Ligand code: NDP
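First comes one chain, alone, set out as structure tokens in the form predicted alone.
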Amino acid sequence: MANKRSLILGCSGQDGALLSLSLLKQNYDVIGTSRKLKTNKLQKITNHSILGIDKDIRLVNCDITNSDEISNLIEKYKPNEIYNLAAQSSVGKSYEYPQETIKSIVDVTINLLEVCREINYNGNLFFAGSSEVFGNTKRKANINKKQRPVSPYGIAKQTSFNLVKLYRNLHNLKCVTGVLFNHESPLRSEKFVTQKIITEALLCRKNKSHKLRIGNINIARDWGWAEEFVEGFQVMNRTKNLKDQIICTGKSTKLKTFIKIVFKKLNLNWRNHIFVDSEFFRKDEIKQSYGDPKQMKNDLDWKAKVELETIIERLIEFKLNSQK
């Protein structure tokens, strides 16, 4: 029997690389697209090299904002399942480049859905959503919470969420959105605050006078482990009763607490090294964001298990090993 085949749009980022690894372990053929691929020449993807899978994924050039190219890609490879993880993924950057952000999310979503409708694609489609659609969450957000995005990124993800729901209900496409709360791994880009904290904390350990300049440390987030989350993607995408789901831990932790844990692990007093700089404050910063994992557990028997302290330990260990 031929191997099953998965197509990942956006295979080079944290989630795309970890999902690729997971699928390869299950003997899937993995086809991947990435904005990091040069127009005429495929290049190595750093995250794939780190995971040791750079020779196992078939990388293809495809302008995923172009419907014809998406259609040709699906018709050629006939994947059993598709994961759309492609997007400009920085909330902060979305304020600077709203058009690029919205195009990278909304255009790709509608193009993929419409192509799959036109060619009667019978496989399963997973779309990576975001907790940013909810804005501030005073209580754990479930899938029915009213959406109040406060950034161009959040607005784009809200539009994508609604389009996926529409095509599932109206055209019977087998498509779902996983609304993802924060999730970390060593593959996370340095532009994310968690990576910045760990990198800077290690500098503080080397140089006791070093200071970490940071924004509002009283914001709270729901931090999970990305390697677990990509397993959740697959569980969602393969179930018969397709539903949009929240993928989260259900625990809210202040950034201050995250910082304290990191510095404590390195035997440092965080107060000696942190400089809260108002220059890094955002006007529409989400103060608290955390989700309700109950539906995912009840419907699909999936829940996040890796605790925040373990996540931080793993991130520090990877950083230390990479510096040797």
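Just count from 1 along the sequence shown to find any residue number. In this text the structure is predicted, and so the values were computed from the model without any measurement.
The same protein also exists as the form predicted together with the named molecule; that form is not shown, yet it is the one meant from here on.
Contact annotation: Q195 falls outside 4.5 Å of the named molecule in the predicted complex, judged by heavy atom distances. With a 4.5 Å cutoff on heavy atoms, G154 does not count as touching the named molecule in the predicted complex; it lies far away. Contact check for R188: a heavy atom falls within 4.5 Å of the named molecule in the predicted complex. Shown alone here, D107 lies farther than 4.5 Å from the named molecule in the predicted complex, counting heavy atoms only. Only one listed stretch (138-146, 204-212, 78-86, 249-257) carries heavy atoms within 4.5 Å of the named molecule in the predicted complex, and that stretch is 78-86.
Listed residues R282, R35, K265, K297 were compared with the named molecule in the predicted complex; R35 is the one with a heavy atom within 4.5 Å. Interface residue among S160, S94, S130, Q245, judged by heavy atoms within 4.5 Å of the named molecule in the predicted complex: S130. Annotation for 6-22: interface residues with the named molecule in the predicted complex are G10, C11, S12, G13, Q14, D15, G16 [heavy atom within 4.5 Å].
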